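Encoded as structure tokens, the following chain is the form predicted on its own, with no partner shown.
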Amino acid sequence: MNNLQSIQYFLPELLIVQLALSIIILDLLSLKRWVNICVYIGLGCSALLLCQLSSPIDGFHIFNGMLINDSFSYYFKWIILISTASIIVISNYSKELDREYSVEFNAMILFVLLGMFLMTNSIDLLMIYLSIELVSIPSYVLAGILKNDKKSNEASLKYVIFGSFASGLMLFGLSWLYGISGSTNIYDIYNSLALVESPYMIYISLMLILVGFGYKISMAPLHYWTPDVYEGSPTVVTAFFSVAPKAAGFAILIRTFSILFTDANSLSVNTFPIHNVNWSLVVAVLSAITMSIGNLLALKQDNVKRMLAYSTISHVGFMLMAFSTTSVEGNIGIMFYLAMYMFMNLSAFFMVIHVENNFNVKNIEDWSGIGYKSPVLSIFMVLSLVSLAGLPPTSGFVGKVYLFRTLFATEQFYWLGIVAILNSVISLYYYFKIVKSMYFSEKVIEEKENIQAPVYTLIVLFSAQNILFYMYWSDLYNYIKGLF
């Protein structure tokens, strides 16, 4: 499909570009008071355009084969859009952010949103690299948006250094594929890889590309940036990093590896690694390392944001467990879990923002007595933590059941299932450290709580999904299953 014909299927992305440029112009014209209204209306219109898009299961190529419009990308775009919209709403009530830079913050978020949309449906090496960079570069700015905060500056600098290194390695891996095939389209590259006799050539490109993708999703041993960046960034930015880029990262990881490095060249059938290049075993080992590092290091953390950063790493490990099976059921399990994870993780971070706004505390021990000072929201925080731990009756339990089910149904890597079960038990300790501090500490907080309706509503609404999807999860799972 040529460029002109493709525009009708690219309207949500075009609107995001126009929206980002519009709020910058409004700021230049000293009309900053209209920025929030413009952003809310623009995101609402993007959601409407996304609803009206036709997204067939097999999909069709747009912009001369640079992108693909299919149901797989459609699902991920909704997760990314919902999480981004909620972050923009919450950002208006965060005391950390300087109102002077609110326009720049919103513009950067929108550019990242555009990059994440492109990550979900890129099928060309150039678009894969450009979309990842479009997410990464504004993210470096967001991490250091607190200009007078040394930790924020440190977070931004570390993010840039690690990101540049991972990006360079990934670009070398992509260029290796181009050298083998002479094409940048991943479907054409697959046809060339099928003719390659030496598996080591495929291993080299695969491992280098995995470095770039693994960095985006905080996979060990590429996770080192995550705790420092999460702790130093504003909490609202940390909440954003913990969900939306992770979803986009898994979207591009699943599509690229399922098409390039499997024997079926497809997302919709069970596959095996190409040419006996057993990368699924590599992913399984990395999954075990990722979840173990995330959980074990979280045990020693006193800072809430740093603890949740390691928690994010451990959840990535659980999702990689399903990805290592190279099966359709594994992809469905990851997509299902990401929806659950979005609600339970964002609700926890929104509660952290509420506590920081009202009580100015950052460490777990400083949460003492919050369960009595903010009784309603604390109950929902406990619900989110229980869901993150994967205990019933919450959606986190259902999501993990499907991740484990994928592993045992495909009869692969039973040892990884044992590692995952042990890690689930370990995670109970550090999640309930917060609960213990909230309800079983003698310290009494004297500050008065100031309830902000949007923050309160989003905490309750997102936390309630942990119960809702525990009781009515089958419709969502069947919908995702229908996408394949």
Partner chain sequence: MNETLQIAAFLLLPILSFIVLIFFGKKLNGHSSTLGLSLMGLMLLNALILIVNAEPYNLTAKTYEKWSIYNSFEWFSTGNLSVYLGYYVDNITAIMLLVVALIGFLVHLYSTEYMKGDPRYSRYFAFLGIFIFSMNGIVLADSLIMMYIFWELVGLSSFLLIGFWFEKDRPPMAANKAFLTNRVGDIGMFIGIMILYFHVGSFNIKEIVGGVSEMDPGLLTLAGLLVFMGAIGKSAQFPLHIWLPDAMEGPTPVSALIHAATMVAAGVYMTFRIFPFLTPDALAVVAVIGAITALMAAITAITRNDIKAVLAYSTISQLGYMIMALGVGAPVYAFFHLVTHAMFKACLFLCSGSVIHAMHHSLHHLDDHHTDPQDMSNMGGLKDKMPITHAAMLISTLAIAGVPFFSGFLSKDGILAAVLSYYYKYDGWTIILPIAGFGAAMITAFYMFRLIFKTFYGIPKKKDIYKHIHESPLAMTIPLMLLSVLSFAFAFTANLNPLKSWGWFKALIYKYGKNHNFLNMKYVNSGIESAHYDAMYLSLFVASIGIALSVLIYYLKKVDVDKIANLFNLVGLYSLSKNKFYIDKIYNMIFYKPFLFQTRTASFIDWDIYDQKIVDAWGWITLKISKYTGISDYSILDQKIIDGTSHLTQYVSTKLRKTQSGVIQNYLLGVLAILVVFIIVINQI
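Numbering follows the first chain given and starts at 1. Please read all numbers here as calculations on a predicted model, not as lab measurements.
Omitted from view is the form predicted together with the partner chain, to which the following refers.
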message = in the predicted complex, does every one of L50, L114 and F380 come within 4.5 Å of the partner chain, counting any heavy atom?
response = no
query = Can you check whether G232 is within 4.5 Å of the partner chain in the predicted complex, heavy atom basis?
reply = no
ask   = Quick one: is K362 in contact with the partner chain in the predicted complex, heavy atoms, 4.5 Å cut-off?
value = no
task = Answer yes if any heavy atom of K300 is within 4.5 Å of a heavy atom of the partner chain in the predicted complex; otherwise answer no.
result = yes
inquiry  = So in the predicted complex, is the partner chain close enough to K158 to count as touching (4.5 Å, heavy atoms)?
reply    = yes
key: Proximity to the partner chain in the predicted complex, single hit among A264, L208, A85, L97 (heavy atom within 4.5 Å)   = L208
ask   = From the list Y93, F404, F165, W78, which entry has a heavy atom within 4.5 Å of the partner chain in the predicted complex?
value = F165
The partner chain in the predicted complex: contacting segment from 248-256, 344-352, 391-399, 196-204, heavy atom within 4.5 Å = 196-204
